[in-house]
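The form predicted on its own is given below as one chain in structure tokens.
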């Protein structure tokens, strides 16, 4: 089995005030490719919806050497590296027009039963996965496990209509945008080469009140979102190189 290939352009909706792709914009493209490839291969959200299931991102890491400018064209390669009872691993490589690998990602996905809001045994898709595994190593180290934070929140946010996706929980890109909102704008303006790790622990749903906690050490920003019950929802690390 070969890697799937997609052609993309950094369209205006994916850039920020620097006229380069924003972190959330680039991740949006990566996750879009994941959905498109699953759809092509017969296990997209349309098929899972028949059983009231859906794909949910559990963890992801993205390493970026530089953020491409608006209207930059590039090629994205994605492939499934394997799966077990709890998660499926999908990899990504982004290559520019000159043939340079400028970004790479490793993601881990689980299936969610919308009736129970609980994970589904991945072996129920064993037949679908047959013939889709690509014998190629992940392009970077797997997403790391991120610990909890304490202290006082730096931002409070109520999950609204514009935050939620088809799974009826907060969209991944909104987490990233809120984390970015808490960072110095000078840091974001200079941002270019970095690694982002995301761990999703519990769903944030419409109407939830989120509190964002942050810790900075040198060029590393650590974040954690918690709900009103002090339950962890999402943890992240942005390591700027």
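This structure is a prediction, so every number in the text was calculated from the model and none was measured. Residue numbers count along the first chain shown, from 1.
Not on display, but discussed next: the form predicted in complex with another copy of the chain.
* Asked: With the partner left out of view, is residue 63 within 4.5 angstroms of another copy of the chain in the predicted complex by any non-hydrogen atom?
  -> Output for residue 63 is no: heavy atoms all beyond 4.5 Å of another copy of the chain.
* Asked: Does another copy of the chain come within 4.5 Å of any heavy atom of residue 162 in the predicted complex?
  -> Residue-level check for residue 162: yes, a contact with another copy of the chain.
* To do: Please run the contact check for residue 14 against another copy of the chain in the predicted complex: heavy atoms, 4.5 angstroms, yes or no?
  => Yes, contact at 4.5 Å.
* Asked: Just to confirm, residue 220 within 4.5 Å of another copy of the chain in the predicted complex by heavy atoms?
  -> Output for residue 220 is no: heavy atoms all beyond 4.5 Å of another copy of the chain.
* Asked: 48 to 56, 26 to 34, 211 to 219, 196 to 204: which one contacts another copy of the chain in the predicted complex at 4.5 Å, heavy atom to heavy atom?
  -> Contact-bearing stretch, as computed: 26 to 34.
* Neighbours of another copy of the chain in the predicted complex among 61 to 99 [non-hydrogen atom within 4.5 angstroms] -> Residue within 4.5 Å: 71, and no other.
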